[in-house]
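Starting off, we have a lone chain in the form predicted on its own, written out as structure tokens.
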Amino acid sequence: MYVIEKLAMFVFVYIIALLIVFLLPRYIPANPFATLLGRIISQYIWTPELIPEVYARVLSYFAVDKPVYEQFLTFLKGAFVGDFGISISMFPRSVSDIIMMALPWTLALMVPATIVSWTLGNYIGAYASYKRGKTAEKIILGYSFIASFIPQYWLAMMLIFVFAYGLRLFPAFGGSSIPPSLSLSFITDFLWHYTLPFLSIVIISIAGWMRSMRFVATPELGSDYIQFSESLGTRDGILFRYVLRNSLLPQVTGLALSLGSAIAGQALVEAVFGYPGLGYYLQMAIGSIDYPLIQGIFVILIATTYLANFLVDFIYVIIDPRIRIGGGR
């Protein structure tokens, strides 16, 4: 029953979010179809009398001549089956094709960066807690405090300035300079382009995990079993492993939520580096008011975030049965 209620709430909130995503681009004071019409005219039309008829067909092709509620129902149906229509700025490519092309690049950047920052951040945060009052804790706290105020896109621009334009060690733009393949040359070229976007995400994200882990682990150090173990002379390495392991549960929850929302969080980094992921295409779509592409990308972002929340709730039910029965109800 708990899972059914959660699933119903998930679907309801998802539909509300889709309604907002559907309405917002339509209130932007711009006409993306005029740009598309201009491209068609410059390439195919030499008779001015045909322009009104072509424009009417463009509007009909994107179904914007239909009532708004019909457009929303079509969009709602497409959001559940993965059909987001045709892109305006990249006409006649479908939005689904663009997303499927960009999603592997985004996942290749998001998943390793999130896991690496989570692993290192938790270990260093637990170490800082264990070394409370020592110089190591002060250095770690100072780093996490400073890094928490630095936007990822600003760090991305600084890395480009220093390592791409200053030292010329890495490229400043793109995901690869050769077509994707399983060859060693492509993998090497991909990693060469990959390094700066990866670092710009990890250097900032790791600070949040360090801070939250230290906050969670500090009470654990005052627990009875740690005090008792210390009185018995248990080695520091063993105590540290116990503290780290017993403090990980809330961090695992945070990891699930981060994997769901990291796609949106790294969008600006992809845009700064011209990395061909969802963030890069979202920036292009917003610039050209390509609302089918905007809607399609946001549907993916919303769905992954809500799915992560739903899975976290489900994991909690398995771990703690009191949640399933409503605290004894």
Partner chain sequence: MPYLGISRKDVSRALMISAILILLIALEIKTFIVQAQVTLPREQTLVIAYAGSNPTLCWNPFAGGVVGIDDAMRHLSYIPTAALNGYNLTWTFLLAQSLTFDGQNIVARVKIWDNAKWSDGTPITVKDIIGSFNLSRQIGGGWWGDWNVYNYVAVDDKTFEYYIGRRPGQDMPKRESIRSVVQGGVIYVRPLPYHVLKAKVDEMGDAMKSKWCNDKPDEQVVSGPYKLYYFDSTQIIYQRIDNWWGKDIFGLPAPKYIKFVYYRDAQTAVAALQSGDVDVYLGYAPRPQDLIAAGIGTWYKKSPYFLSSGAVWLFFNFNYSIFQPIEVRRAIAWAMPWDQIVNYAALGLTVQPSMTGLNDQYPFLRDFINTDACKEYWGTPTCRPAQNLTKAKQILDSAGIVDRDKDGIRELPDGTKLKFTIAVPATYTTYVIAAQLIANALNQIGMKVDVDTQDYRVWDQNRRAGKLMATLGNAGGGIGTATPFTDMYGNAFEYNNYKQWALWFNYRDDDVTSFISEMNFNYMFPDQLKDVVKTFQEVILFDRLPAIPVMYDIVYYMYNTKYWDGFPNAERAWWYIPCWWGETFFYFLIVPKGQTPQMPWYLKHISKGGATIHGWYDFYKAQGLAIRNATSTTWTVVPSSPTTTTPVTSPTTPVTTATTTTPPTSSPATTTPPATSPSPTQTQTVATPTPTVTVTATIERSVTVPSTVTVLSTKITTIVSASPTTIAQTNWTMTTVLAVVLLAVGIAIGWTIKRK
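Each form is matched to the other, and the largest set of C-alpha atoms that superpose within 1.5 Å is called the rigid core. Residue numbers count along the first chain shown, from 1. Remember, predicted model here, so these are calculated numbers, not experimental data.
Separately, the form predicted together with the partner chain exists; it is not shown, and the next lines address it.
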Would you classify N246 as touching the partner chain in the model of the complex, given a 4.5 Å non-hydrogen atom cut-off? no
Contact of Y242 with the partner chain in the model of the complex (heavy atom, 4.5 Å): no
Quick check on F170: any heavy atom within 4.5 Å of the partner chain in the model of the complex? yes
Please run the contact check for L37 against the partner chain in the model of the complex: heavy atoms, 4.5 angstroms, yes or no? yes
From the list F228, F215, F161, F80, which entry has a heavy atom within 4.5 Å of the partner chain in the model of the complex? F161
Segment that reaches the partner chain in the model of the complex - one of 112-120, 207-215, 72-80, 138-146, heavy atoms within 4.5 Å: 138-146
Are there residues in 271-304 with a heavy atom within 4.5 Å of the partner chain in the model of the complex, and which are they, in order? A271, V272, F273, G274, P276, Y280, Y281, M284, G287, S288, I289, Y291
At a 2 Å cut-off on C-alpha positions, does N31 qualify as shifted between the shown form and the other one after fitting the rigid core? no
Please state whether A303 has a C-alpha shift of 2 Å or more between the shown form and the other one, with the rigid core used for the fit. no
Under a superposition restricted to the rigid core, does A271 display a Cα displacement of 2 angstroms or more between the shown form and the other one? no
